[in-house]
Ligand SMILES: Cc1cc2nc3c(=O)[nH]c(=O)nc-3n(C[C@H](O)[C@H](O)[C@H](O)COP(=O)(O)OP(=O)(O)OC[C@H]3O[C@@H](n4cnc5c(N)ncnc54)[C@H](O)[C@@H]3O)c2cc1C
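In the form predicted on its own, a lone chain appears below as structure tokens.
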């Protein structure tokens, strides 16, 4: 690898790979550095005993033109698999029983999930005044506009499924800006959704279909394909001790490679796509106060468990999965029916179910031993999934010490600190999931934009 490049990308997760892919397409000289021995960050897929299961995110959403275009560009080397017609069937646990999440007017009227008071109250949502506090929590926003039962049995389980989070902690302006802007721009969620649906979309905007997807062989195949397309010679993996410092010609980056040798690289630009908590030890030249503001991000611990059965004899699993509101006081956050959504995830007649434990409000549960977690899941499957004799043919525990970043009140200071650092040190760009969203679509969009910003300057 050359020691003098135009750009150094820190991090080989999906954001870094997306950035590198577009830099490579533009024939920019660059290098990608990562402390892990493999690319993909938290995205990885494994197989065992006839089951194919994820070690990180289980699905993606085609939520931006950027991810749609990337998937198009990687075809046929990476084949997209969209969720089947069962993807719209989602269940919410209510008083210990699974209830279908309503998808229409009649379902909304007849569902037991919401109180009659709130069902009638929702009719007045378009006429309520919009909020004036930009740092109002999601919980307060939903209670103000929709009512407590909508918070408890719609928004709370949704947030557990997406963020493993707490609606009383998350700030919509930062965590769910589209929802926040519906109220701010249109005065109402309902009015905003109706008006936005009437706005004509360009052909490119129409690519953001919102479909649930994976790729053939699992999401790990996506990051491996990106690695192959970019070229192994552009990567330094398994490195340690990365330190960046500004120099007259740009930036100098020192590290120790996997063989224990000290390596120094020079670049005009540096793009960080690393998690917030890793930045203080890498960007030591930045003001300590600013770095603290950037790195103060709450990452709850989450345990992901792949549970497989060669023959499934429990409740029907003919949907996306089930979410469990915090109010139900269970010890799992939810279950995802992977073998129901996608092909070849379990043996014929079997089932692959992903279980999630922990999250922002149950940080005690990930501290349990593997044996304790298995007993926990066995109890929940007996009571909720109709499996009295819990003898799975696959039980794989994946522990995420730093799971999904929570966009709370500290987010404003973090975003402002990022802008200040980038202004103070031109050529340094800070990306990653500490800003601009947490989903795969968000990561690809940000990586694409970071690359194009650099390309515009260099070209």
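Predicted model, so just to flag it, every value in this text is computed and none were measured. Positions refer to the first chain, counted from 1.
Here the subject shifts to the form predicted in complex with this ligand, a form of this protein not shown in this document.
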Would residue 304 sit within 4.5 Å of this ligand in the predicted complex, counting heavy atoms only? yes
Does at least one non-hydrogen atom of residue 274 fall within 4.5 angstroms of this ligand in the predicted complex? yes
Proximity of residue 12 to this ligand in the predicted complex, heavy atoms at 4.5 Å: yes
Does residue 278 make contact with this ligand in the predicted complex, using a 4.5 Å heavy atom cut-off? yes
Of 404, 430, 394, 68, which residue is found within 4.5 angstroms of this ligand in the predicted complex when only non-hydrogen atoms are counted? 404
Partner-contacting position among 52, 417, 43, 31 - heavy atom within 4.5 Å of this ligand in the predicted complex: 43
Within 4.5 Å, heavy atoms only, one stretch in 422-430, 33-41, 386-394, 409-417 touches this ligand in the predicted complex. Which? 33-41
Verify the flagged residues 80, 86 and 340 against this ligand in the predicted complex: is each one within 4.5 Å by a non-hydrogen atom? no
Looking at this ligand in the predicted complex, which residues in 426-459 have at least one heavy atom within 4.5 Å of it? 432, 433, 438, 439, 440, 443
